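Here we start with a single chain on its own, the form predicted alone, put down as structure tokens.
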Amino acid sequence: MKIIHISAECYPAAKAGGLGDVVGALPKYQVLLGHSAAAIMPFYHGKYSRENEFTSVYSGIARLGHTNFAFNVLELVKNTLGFELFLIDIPGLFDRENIYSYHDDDERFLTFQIATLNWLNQLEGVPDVVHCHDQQTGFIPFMMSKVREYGKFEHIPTIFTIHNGQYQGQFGFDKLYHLPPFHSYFNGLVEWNHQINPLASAIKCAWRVTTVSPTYLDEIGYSMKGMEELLRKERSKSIGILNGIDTGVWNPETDPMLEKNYSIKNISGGKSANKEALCRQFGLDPSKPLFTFIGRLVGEKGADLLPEIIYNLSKFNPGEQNFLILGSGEKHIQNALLHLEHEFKGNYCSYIGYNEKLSHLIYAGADFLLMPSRVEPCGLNQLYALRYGTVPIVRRTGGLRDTVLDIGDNGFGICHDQCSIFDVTHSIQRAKSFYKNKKAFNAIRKQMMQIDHSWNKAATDYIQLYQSLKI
């Protein structure tokens, strides 16, 4: 099959979260299954664009309302990704460092979608399936089926994956004219709750809707910012497919970002060497259990609970544990975490920002990974932690429920039900007790590292889904 993925992110070209990891891995594994897979994303003017060489394969015009934007389709000169990657360069909209959080994001990503279809429209032949990811590509299924200009795509199956339904991209009807011309009869296909909503449009128009875990599909039917009714209505065409991880990139035996590589055979020595390197870097005591958090410092991830949890445990159980935080997000959470460093130096440290190499070292060197998420569609961090022998401490929600089983149920993680200071603190206390039993602790680590969460199964599930839609 010829498969096209369209996304705002694709690792290593651009990554803000799990979306980038997924789109950077799924096409590669589909190629390994014998198919042709390519990814299309915007060309951001960041580090990746500066460090790589590209060649232009097409130039065109994308019309957004009354404005024309020239664009170029770029391809990597030396591509070692395992799949084709095409980047849409639109001067004036994407010649910026960051991926998101600009005032004109609506216009940026709609223009990207129009430019993508304009390019595909002039190519000979059509793909067998177009797979769109999150609301930044949400109008693609609608335009392929209802905009006359793109009529050649009308019978091409479209898949839309919801990576995070909290972000919907809605805007007012005053911008409806930004879309390419279509019959007003179809206005309802781009609208939800009296606004233009790309996420709702994709759910209505895509041939199939997928979520990144089975439990998340159940959850969004009763909690998705006012779109619950639509999800329930479209449930018959929806399926939850659990994400995988790229075991070529995330492999403690070969990972070049670690202090020392290790496998199940030498897990104790390997973990200890990486923990010591990590603790030297941040002035922590490697003899203490190390609790870590990696991710966005936002309420959705439960990060707002961390300052009080760390304060209470460090104040009233001093010297019993160490904490290390890596991430960025809401300013008040960042400031609260930074403030704690002065009071608990030697037992706590934070790195505000993101550092790919440091994240790998943390997965390898930490004893426990905290994920007290309020919302977690799939979660990849717990899968990385399992791969590196780090015990995940998670709230039972979304993909965390699907992938982590509590040690009390003959599992390999520590689970709790509420996103609360009490629940997380209680789980940490359980973890400290478990840590003292070195024999059981090491046995669980070995068990975790043998679990297969590679993309092999998920890639096969998606191929089977695509093939079921062939006309």
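Note that residue numbering begins at 1 and tracks the sequence as displayed. Fair warning: this is a prediction, and the values are worked out from it, not measured in the lab.
Beyond what is shown, the protein has a form predicted in complex with ligand ADP; the following relates to that form.
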Exactly one of 197, 158, 116, 381 comes within 4.5 Å of ligand ADP in the model of the complex through a heavy atom, and that residue is 381
In this chain shown alone, the residue from 175, 232, 237, 296 with a heavy atom within 4.5 Å of ligand ADP in the model of the complex is 296
Contact test, all of 28, 35 and 244, partner ligand ADP in the model of the complex, heavy atom 4.5 Å:
no
TL;DR on 89-97, 303-311, 74-82, 325-333: the one with heavy atoms within 4.5 Å of ligand ADP in the model of the complex is 325-333
Q.
in the model of the complex, does residue 319 come within 4.5 Å of ligand ADP, counting heavy atoms only?
A. no
Check: Any chance residue 354 has a heavy atom within 4.5 Å of ligand ADP in the model of the complex?
Finding: yes
Query raised in the report: Is there a heavy atom of residue 363 lying 4.5 Å or less from a heavy atom of ligand ADP in the model of the complex?
Result: yes
Original post:
Could you tell me if residue 15 has a non-hydrogen atom within 4.5 Å of ligand ADP in the model of the complex?
Top reply: yes
Those residues of 79-96 with a non-hydrogen atom no more than 4.5 Å from ligand ADP in the model of the complex are none
